[in-house]
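Below, in structure tokens: the form predicted on its own, a single chain.
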Amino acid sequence: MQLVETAVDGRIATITLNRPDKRNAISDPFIAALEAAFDSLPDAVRVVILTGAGDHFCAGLDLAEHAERTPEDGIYHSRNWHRILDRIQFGGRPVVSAMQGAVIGGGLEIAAATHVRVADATVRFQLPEGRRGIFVGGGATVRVGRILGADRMTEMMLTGRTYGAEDGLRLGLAHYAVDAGAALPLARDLAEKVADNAPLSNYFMIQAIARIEDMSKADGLFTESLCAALSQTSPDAQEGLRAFLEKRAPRFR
């Protein structure tokens, strides 16, 4: 059984975390397989759907396979996660996550690296590391902390609080909350809609917005101007204007 499976349907690729007997818990080979799946996508793919096989999206680190590490090895291990999740967030393709069941620990870190998050009614968001005597290491303090705010994330970790889909929607952990079993169909519809956008516009949305949030106001405004100028003078912008004037759907590259 492949730890991560990829299915390509035209412009849309579906990457499935495929370890259902372990609630898609993450081992070192598992995270390496996830990286390989993103690295090997055909050029024709414009949008990726990320989901989990079985009843769960991802239950986080597989503690049964957790190896004792030196502090030095622990840093390298964490930084490798950072590199791979940066690959998901900033790889250039929009990623829509379809979530069910456990979205816990490292699973929430993976989800937070995606751009559009759909949670069905069975979802449970949790950061239980404090209950295990450990600390997040896959980017949660940056990505989840940015979504929730430092204060709420601190409380979530201290108490082991679990949030459902509706709470996740309210807090920003999910952008859509749907009935059980409905996350993947909606994710496909959203992926098709995103794939209809101009590729350069999608690229700038992924690359620029999160980075601008880290910049000073002046630097962010200048970067926004660069993105606007490059996108608005592209062939796709010309096609978008013609389509609007001709009252038809645009046909982007």
Ligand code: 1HE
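Nothing here was measured: the structure is a model prediction, and the numbers come from that model. Residue numbers here begin at 1 and follow the sequence given.
The form predicted together with this ligand exists for this protein as well; it is not shown, and the discussion that follows is about that form.
Checking 172, 145, 164, 128 against this ligand in the predicted bound form, a heavy atom within 4.5 Å turns up for just one residue: 128. Put simply, residue 132 is close to this ligand in the predicted bound form: some heavy atom of it is within 4.5 Å.
A residue is said to contact a partner when one of its heavy atoms sits within 4.5 Å of a partner heavy atom; residue 81 meets this definition for this ligand in the predicted bound form. Although the partner is absent from this view, residue 25 contacts this ligand in the predicted bound form, with a non-hydrogen atom inside 4.5 angstroms. Though the partner is left out of this view, residue 59 does reach within 4.5 Å of this ligand in the predicted bound form, counting heavy atoms only. At a distance of at most 4.5 angstroms from this ligand in the predicted bound form, all three residues 21, 109 and 138 contribute at least one non-hydrogen atom. Screening 97-105, 112-120, 173-181, 146-154 for residues having heavy atoms within 4.5 Å of this ligand in the predicted bound form returns a single hit, 97-105.
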